[in-house]
Structure formats: C-alpha cells, structure tokens
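One chain comes next, on its own, written out as structure tokens in the form predicted alone.
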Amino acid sequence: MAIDNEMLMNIINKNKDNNGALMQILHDVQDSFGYIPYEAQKVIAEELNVPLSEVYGVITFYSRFTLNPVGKYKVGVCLGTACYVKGSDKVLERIENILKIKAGETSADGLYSIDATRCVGACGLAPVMTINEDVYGKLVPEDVDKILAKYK
C-alpha cells in the first residue's frame, strides 16, 4: 500500500521542531494511516536525522503502535492467567476459525484483525475478549458467533 507522502510530510513538518517530536509524529502517523508503514519510518528517520533503528525501536516498544494494517474491528482475546485457565484459548480458536485468520493477522477485506493480548484488567469477567472499546466477559466459545455478528 502506497503512503500519502504529502500527508506524511505535513505531519513531520508540523512536529519536527517540538520536544518529543518522534513520539508525536508516530502518534499522528498511526492515527492517519492506521499503522506505521516501513516507508513512513524511513522518511521520519531521514527528516528527524535519527537512525531508522531508533524509530523502529520506539514503535516496537510501545504497544499502541503497530507495524501492520489493522482491521476496522480490532478483536482482542485476553490470554492472561485468569482468562487462560477459564478457556480463553478456546475462545481465540473459535474466533480464528470463524474469521479464517490467526492472531496477529488482518482479514483480506480489512474488516477484522485479531490480537492475543495479556491482562486487560477484567479478571473477574474471565475469559474476556474486546472488540475495539467493547468488552465481553464470562465467555464460552459458542458466544463468539453472536458477538461477531454485531460487527459486520
């Protein structure tokens, strides 16, 4: 996917003279493109005169940033201890079978992406899945079909 170079340069030029410019630029690029493409990383590194490895290091350190396009609906399944012992691995398997993609992937139509997460802070509702900002708890694999049907 080609990036919009004009948009990217506007983001960089707006922020490059500020303290913490790299973080703000990465946030703005993520918000604009939905992820931070490699091509954008190279341009950011060149324009800020920092090594590409520094840009990549910041992106991969912070979980908010992603290197790959994500779906309109970001499905997360908690695999933290409380959720896992209550069957979240089976919930994840059901989601992967329905959407025909694995954790870490995005569907070809760009509608869904799946992420295996760690604790989302809802241990009392274990096992838990999220879709964007919506939280679903006390799940069994059979619940997944109806939940996903809401997000078409």
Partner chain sequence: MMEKVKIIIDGKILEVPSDYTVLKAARMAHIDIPTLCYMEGINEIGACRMCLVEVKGARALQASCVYPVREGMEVYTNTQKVRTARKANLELILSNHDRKCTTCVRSENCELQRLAKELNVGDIPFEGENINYPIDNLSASIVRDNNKCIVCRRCVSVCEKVQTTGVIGAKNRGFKTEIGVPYDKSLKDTSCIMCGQCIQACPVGALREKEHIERVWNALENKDMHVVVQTAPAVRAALGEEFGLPVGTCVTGKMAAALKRLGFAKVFDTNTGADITIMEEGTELLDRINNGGVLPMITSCSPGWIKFCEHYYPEFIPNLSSCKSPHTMLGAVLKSYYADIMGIAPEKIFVVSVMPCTAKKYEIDRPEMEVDSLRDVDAVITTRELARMIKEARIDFVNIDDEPFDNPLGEASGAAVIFGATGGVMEAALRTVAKKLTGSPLDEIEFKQTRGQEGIKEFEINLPNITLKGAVAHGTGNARKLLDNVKSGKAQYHFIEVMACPGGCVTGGGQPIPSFKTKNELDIFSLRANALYEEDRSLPVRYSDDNEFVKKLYEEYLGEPNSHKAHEILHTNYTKREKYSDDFLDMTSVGETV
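Just so it is clear, the structure is predicted and the values come from calculations on it, not from any experiment. Take the two forms, find the largest set of C-alpha atoms that superpose within 1.5 Å, and that set is the rigid core. Residue numbers count along the first chain shown, from 1.
The same protein also has a form predicted together with its partner chain, omitted here; what follows describes it.
Check each of 123, 45, 70, 99 and return the one that places a heavy atom within 4.5 angstroms of its partner chain in the model of the complex. For this set of options, the contacting one is 45.
So in the model of the complex, are 29, 80 and 88 all sitting within 4.5 Å of its partner chain, heavy atoms only? Looking in the model of the complex, the three residues 29, 80 and 88 all stay beyond 4.5 Å of its partner chain (heavy atoms).
Taking heavy atoms only, is residue 52 within 4.5 angstroms of its partner chain in the model of the complex? Yes, residue 52 sits close enough to its partner chain in the model of the complex that at least one of its heavy atoms falls within 4.5 Å.
For residue 56, is any heavy atom within 4.5 Å of its partner chain in the model of the complex, or not? Yes, residue 56 lies within 4.5 Å of its partner chain in the model of the complex.
Would you please decide whether residue 41 lies within 4.5 angstroms of its partner chain in the model of the complex, comparing each non-hydrogen atom pair? Contact with its partner chain, yes.
Heavy atom to heavy atom, is residue 36 within 4.5 Å of its partner chain in the model of the complex? Yes.
Since the partner is left out here, which residues of 138-152 would have a heavy atom within 4.5 Å of its partner chain in the model of the complex? Stretch hits: zero.
Answer yes if the Cα of residue 44 shifts by 2 angstroms or more between the shown form and the other one on a rigid-core superposition, and no otherwise. It does, since the residue 44 C-alpha is displaced 2 Å or more between the shown form and the other one after the core fit.
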